[in-house]
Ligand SMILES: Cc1ncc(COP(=O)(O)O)c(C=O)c1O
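First, one chain by itself: the form predicted alone, in structure tokens.
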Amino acid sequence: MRVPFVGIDSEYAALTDSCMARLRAVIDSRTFVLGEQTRELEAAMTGITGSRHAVACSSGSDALFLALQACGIGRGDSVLVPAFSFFATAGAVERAGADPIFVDIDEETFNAGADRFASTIEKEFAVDGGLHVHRRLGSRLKGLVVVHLYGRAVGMADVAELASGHGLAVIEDAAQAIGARTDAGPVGGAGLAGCFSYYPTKNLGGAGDGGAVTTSDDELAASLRRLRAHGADGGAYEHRECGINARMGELQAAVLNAKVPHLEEWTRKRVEIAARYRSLLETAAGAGLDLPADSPEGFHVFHQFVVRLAAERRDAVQAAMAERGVDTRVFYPLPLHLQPCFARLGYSEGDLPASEAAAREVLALPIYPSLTPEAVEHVCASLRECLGA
């Protein structure tokens, strides 16, 4: 039996008519950028996140960059970033001209919460004139990025309290967690800004790149709308800020709007499949397999279902699963603090051990709404066989 890692074919097979109707409407309108479809998507995102504003943009990576820029973060600043995440989380900080200061993760959740951020501030920063200044780099601490990795929400109440006490902007990287809830409300609505990705394989995925920033801050929203269009207000050729071209196309928004009504049901199916995985793999826990638990403080939308294996076995198990027709992935094989492009920051192997261990041990199993019970059983039987369980 062949089990692919992603299953977007079935999504489009079921939505062909609604997608095509919306695409034809865009073509007939001759409005291809920042039109009715984009406004509809933005309205949907305010409903999903509980934010007052949503600003659609060209990608999740640009969403992070725009949020940092709108928060006034740039040269001479530093931003706390979990070391175990997709590259864009830290890449956006670097693009903004600031220093990403890496934070180790919790071993069980793969996330960095308030306790991890607090310990990094204490270790890496000194207080100088009321400002937190990085001991080695000299940059001023200006913000932190919370990553809801794999779809599991970070507890945001404590993060907000910590940030308020230090005067920090809180940006949520919710690229993998649309529809998840924190103890402070939906992801994307708990921080100053929430950043989303509509990459095709996301829980709400488009037909290409796309993203959005959500916020309840009116001034920040106005700045975000300018920054995504080169810093100009409306169609005027007067630029109050130096932004970038990060607008979302109407065709992309149209496809996403056709999918939005199905997101809640797709999320429910992901949660059910995750529960089925845990049930069928429970007996393998004694054979060196660690299973992800649901989130007690929030709601896990299971963008990925990630297990842990002994580092010396992970790659061999992945190869053996492929021989049995099961496609698996490693997210992510190298933590951010050890990426070559961040060598200037001075990190070394061993500095952030939980992130480094996760990179050696994680393995993501297929999970998507159309994954059949038979496919789940085949994945689990194959994994148990590979582990000798």
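All residue numbers refer to positions in the sequence shown, first residue = 1. Note that this is a predicted model, so its numbers are computed, not measured.
In what follows, reference is made to the form predicted together with the named molecule, a form of this protein that is not presented.
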Q. Taking 4.5 angstroms as the cut-off for heavy atoms, does V147 touch the named molecule in the predicted bound form?
A. yes
Q: Find out whether any non-hydrogen atom of F86 is located within 4.5 angstroms of the named molecule in the predicted bound form, and reply yes or no.
A: yes
(Q) With the partner left out here, check for me: in the predicted bound form, does some heavy atom of A175 sit within 4.5 Å of the named molecule? (A) yes
Q. Any of the heavy atoms of W266 lying within 4.5 Å of the named molecule in the predicted bound form?
A. no
Q: Select from the listed residues T38, T328, S61, Q69 the one whose heavy atoms reach within 4.5 Å of the named molecule in the predicted bound form.
A: S61
Q. Tell me, which of G143, P82, G210, G188 has a heavy atom within 4.5 angstroms of the named molecule in the predicted bound form?
A. G210
**Q.** Interface segment, criterion being heavy atoms within 4.5 Å of the named molecule in the predicted bound form, picked from 61 to 69, 345 to 353, 23 to 31, 45 to 53
**A.** 61 to 69
Q) In sequence order, which positions of 5 to 21 have a non-hydrogen atom within 4.5 Å of the named molecule in the predicted bound form? A) none
